[in-house]
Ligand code: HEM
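Just the one chain here, laid out as structure tokens, in the form predicted on its own.
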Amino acid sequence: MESSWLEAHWTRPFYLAFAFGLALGLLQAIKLYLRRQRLLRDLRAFPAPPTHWFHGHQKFLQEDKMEKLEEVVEKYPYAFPCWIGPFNAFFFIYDPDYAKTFLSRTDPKSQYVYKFLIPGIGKGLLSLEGPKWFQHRRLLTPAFHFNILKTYIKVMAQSVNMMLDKWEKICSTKDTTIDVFEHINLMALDTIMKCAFSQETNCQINSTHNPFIKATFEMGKIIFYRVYSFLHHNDIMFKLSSKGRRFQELIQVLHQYTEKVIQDRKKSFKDGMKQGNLQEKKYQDFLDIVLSAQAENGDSFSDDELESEVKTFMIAGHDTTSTGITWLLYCLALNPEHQEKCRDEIRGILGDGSSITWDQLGEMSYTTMCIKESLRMIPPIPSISRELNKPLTFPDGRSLPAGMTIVLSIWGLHHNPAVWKNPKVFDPLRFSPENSDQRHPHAFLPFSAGPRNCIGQQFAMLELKVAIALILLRFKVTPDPTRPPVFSNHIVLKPKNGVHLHLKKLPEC
């Protein structure tokens, strides 16, 4: 009798705990079921590609094959729901009218993407919302005034010529094939460090595998993987995984790199204030503007905000431009007739390229059309996302509720056959004045549009022009058919194993 009483006494809490856990699990299952039913109801007006009951479209998204997306765009010409597991869905759009409606609003950035990005780069201009974003944007916009951009041209040319001198040594007296992406990455980092932070890194000379570049490349890949792997949306599960542990290591690499840049400049900034020689510089760079704000009003930028903006501009300022230059060079290698037309135009304007001015870059009309066409064919930022803070109705009358995550697929938009005739063909004349005037203003969005368009788009276009002009004056580029590039799914669309091009040194004019 006593044994039976003890047994009942000790097992009762376990039975209660089991029953409680079972009830919680059942409640959670009911919530997930209702969530799925709500999503199915909200999205029923929009057909979607076949989906796996558990993985959704996860496999399709992680295959690194943009051709798959093109097939979907052709079959579903406006938009489609994309399932991430059984209980989450993104809504992909790639129609100009849909894009115009979407970008004319001020919905916040999607938490699914940016909550995974923030641990790596912090809350900078890219991820801020509301009044804080407006304050930062207003404060940083003067750093991209055209009078300041003009002063960057000489710096950009020096960095590009340093890279080309390396290429000449590699080529020596014979033609050769190299991975241009590796070199362009270092050149772009060298450029942004000089222009935005007035810092000489010598990264092109002292390092071919800069730890900052390697860290940003790997971090971008992990973030993209996490966005489309619903099992890793949970912070605890992600941190316990091998990718989560590696992510923490990469965060430390970025922190140490940016912290050194900030401390070096803070020291020189303070020294300059003491000596009263802050006006000796020809221009205020990005870091000057932020540090001046801190000095005048400590509440404008905290130290954490300062580090976040430095990380954001370091990564965005070199990652997107290096990728854009690489894909531009690849497009011209595949299309030698357009490469030659650009070269003829550049020679007619720059001569031997010993000096480049703002006005000369503005005269490169055909080269600019080729740059835009490469940005259409291979946009460095393949998509952007927002989370609706109120219902949205598209021009065709179909609607989505608040809370839905919308992904504007810039790749899908730029390859939509309903928008672009023969979208796989490289045709710079799409961007002639007469053709551009007839096109929908939201058909071409490499730098997004609306109030949150890219603050650095003029800087990027300037660097693209300087780089391609100097490269084509000194080298002829052709593709290596044995090693075609493969896209690697990142937030920035990078080549998975580099871009190998055949370089031929041209005789001096």
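Everything quoted here is computed from the prediction, not taken from an experiment. Numbers follow the displayed sequence, beginning with 1.
Although not depicted, the form predicted together with ligand HEM is the subject of the following passage.
> Ligand HEM placed by superposing the site C-alphas onto its pose in the predicted bound form: is the shown form open or blocked, blocked being 3 or more ligand atoms within 2.4 Å of backbone or C-beta?
After superposition, ligand HEM sits free of the main chain and C-betas, so open.
> Non-hydrogen atoms within 4.5 angstroms of ligand HEM in the predicted bound form: do A157, N206 and I213 all have one?
No, the candidate spot makes no contact with ligand HEM.
> By the heavy atom within 4.5 Å rule, which residue out of V407, L254, L126, L306 makes contact with ligand HEM in the predicted bound form?
Contact with ligand HEM in the predicted bound form is made by L126 alone.
> Considering R137, K341, K150, R105, which brings a non-hydrogen atom within 4.5 Å of ligand HEM in the predicted bound form?
By the 4.5 Å criterion, the partner-contacting residue is R137.
> So in the predicted bound form, does A443 come within 4.5 Å of ligand HEM, heavy atom to heavy atom?
No, A443 is distant from the partner.
> Should I223 be classed as touching ligand HEM in the predicted bound form when contacts are defined as heavy atoms within 4.5 Å?
Residue-level check for I223: no, no contact with ligand HEM.
> Does the 4.5 Å heavy atom contact test between F181 and ligand HEM in the predicted bound form come out positive?
Contact with ligand HEM, no.
> Using the partner position in the predicted bound form, report whether S448 sits within 4.5 Å of ligand HEM, counting heavy atoms only.
Answer yes; at least one heavy atom of S448 falls within 4.5 Å of ligand HEM in the predicted bound form.
> Any idea which of 453-461, 470-478, 22-30, 51-59 reaches within 4.5 Å of ligand HEM in the predicted bound form, heavy atoms considered?
Contact criterion met by 453-461 only.
> In the predicted bound form, which residues of 308-323 put a heavy atom within 4.5 Å of ligand HEM?
Stretch hits, in order: T312, F313, A316, G317, T320, T321.
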